[in-house]
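Single chain ahead, written as structure tokens, the form predicted on its own.
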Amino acid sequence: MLGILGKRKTTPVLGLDISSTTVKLLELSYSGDRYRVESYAVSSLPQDAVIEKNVNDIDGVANAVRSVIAQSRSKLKTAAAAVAGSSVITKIIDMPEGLSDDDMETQLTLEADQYIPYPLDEVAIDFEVQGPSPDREGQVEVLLAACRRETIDSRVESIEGAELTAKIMDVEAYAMERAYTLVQSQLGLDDSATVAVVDIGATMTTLSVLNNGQTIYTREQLFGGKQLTDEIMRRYGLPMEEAGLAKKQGGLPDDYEPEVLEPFKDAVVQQVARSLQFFFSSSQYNDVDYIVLAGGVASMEGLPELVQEKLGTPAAVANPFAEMTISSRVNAVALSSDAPAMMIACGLAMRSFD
């Protein structure tokens, strides 16, 4: 069994988010009733080192992990990472209450082939008791999670290649859910609110819908900030690295905003609307109370206002660090700029305090 769920107490861990273009590292501490950012770093990955959330170049990822460790100057040697929700099968099943963890594991292993469409020697499974079954007396609901071992092993090898121990392998949706609790309190949202967290990364957009603080829906779609970089490369004849820098730092011709940036922002709004439409069509919901924008694209100026204006739903950019204290060795300006993209790393670092 591998710790891919949230039930096990743990020692302090680095949150290590391996996305399609970067590795993000975050170390948190907790004192009184506040978190503190102890260290953080972001490092670019070689092109195609991670393709659609799967590690394709273990050495390339290991080098990027080494880079964030060196930049952050963290002394921690254990890490929590995550796999994409699309690579994990989850199922709620009823089991007799009062079973020990060992007994439950034995029974689940015997029954798992009913729920998992892969040979059992190819998957890692984990489980977490959710509480009493609402339908069956004397039974508890158990969340069973399964992920192909090769998906987990490639991440573990990359982390261990950088001389860290991969202590926990979580699921991105659960890490996002954990970090959302920080944003929820800032925005003054009730537990009962239905909130869409739209994480727009470089190549992938992930919609997570939360109700009562729990994820009730997730969907990944191929769309992200790389499309803007590609358009800058095409239009202005820049190599990828220069296009990426220009996107962040400016210095592009006068027609960039009206001809390239504004149409991309409109495409982002359409993507958010389309993702929500998929959710509405597959559930009993027909609206959400709030939209939280996360991921690197979310920090674009004016984007939450545009989403709110076009979709008629209040929107804000995620900043999990807004109410945290920050160590003097952390670059607070850089952290603030990267904050929307650090939600998963933050949720992983919070595993230190489960």
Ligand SMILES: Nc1ncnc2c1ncn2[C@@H]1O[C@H](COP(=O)(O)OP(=O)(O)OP(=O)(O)O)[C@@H](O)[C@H]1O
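In this text, all values refer to a predicted model and were calculated from it rather than measured experimentally. We number the residues from 1 along the sequence you see.
Only in words, not in the display: the form predicted in complex with this ligand, which the text now covers.
* Spot the stretch among 87 to 95, 125 to 133, 211 to 219, 196 to 204 with residues whose non-hydrogen atoms come within 4.5 Å of this ligand in the predicted complex. => Heavy atoms within 4.5 Å of this ligand in the predicted complex occur in 196 to 204.
* Asked: Which listed residue (Leu28, Val292, Ala64, Val297) meets the criterion of a heavy atom within 4.5 Å of this ligand in the predicted complex?
  -> Residue within 4.5 Å of the partner: Val297.
* Spell out, yes or no, whether the shortest heavy atom distance between Lys226 and this ligand in the predicted complex is within 4.5 Å. => Residue-level check for Lys226: yes, a contact with this ligand.
* Does Leu16 reach this ligand in the predicted complex if we count a contact as any heavy atom within 4.5 Å? -> Although this ligand is absent here, Leu16 would stay clear of it in the predicted complex, with no heavy atoms inside 4.5 Å.
* **this ligand contact at Lys248 in the predicted complex, heavy atom, 4.5 Å** => Yes, contact at 4.5 Å.
* Looking at the partner-bound form in the predicted complex, is Ala341 within 4.5 Å of this ligand by any heavy atom? -> Answer yes; at least one heavy atom of Ala341 falls within 4.5 Å of this ligand in the predicted complex.
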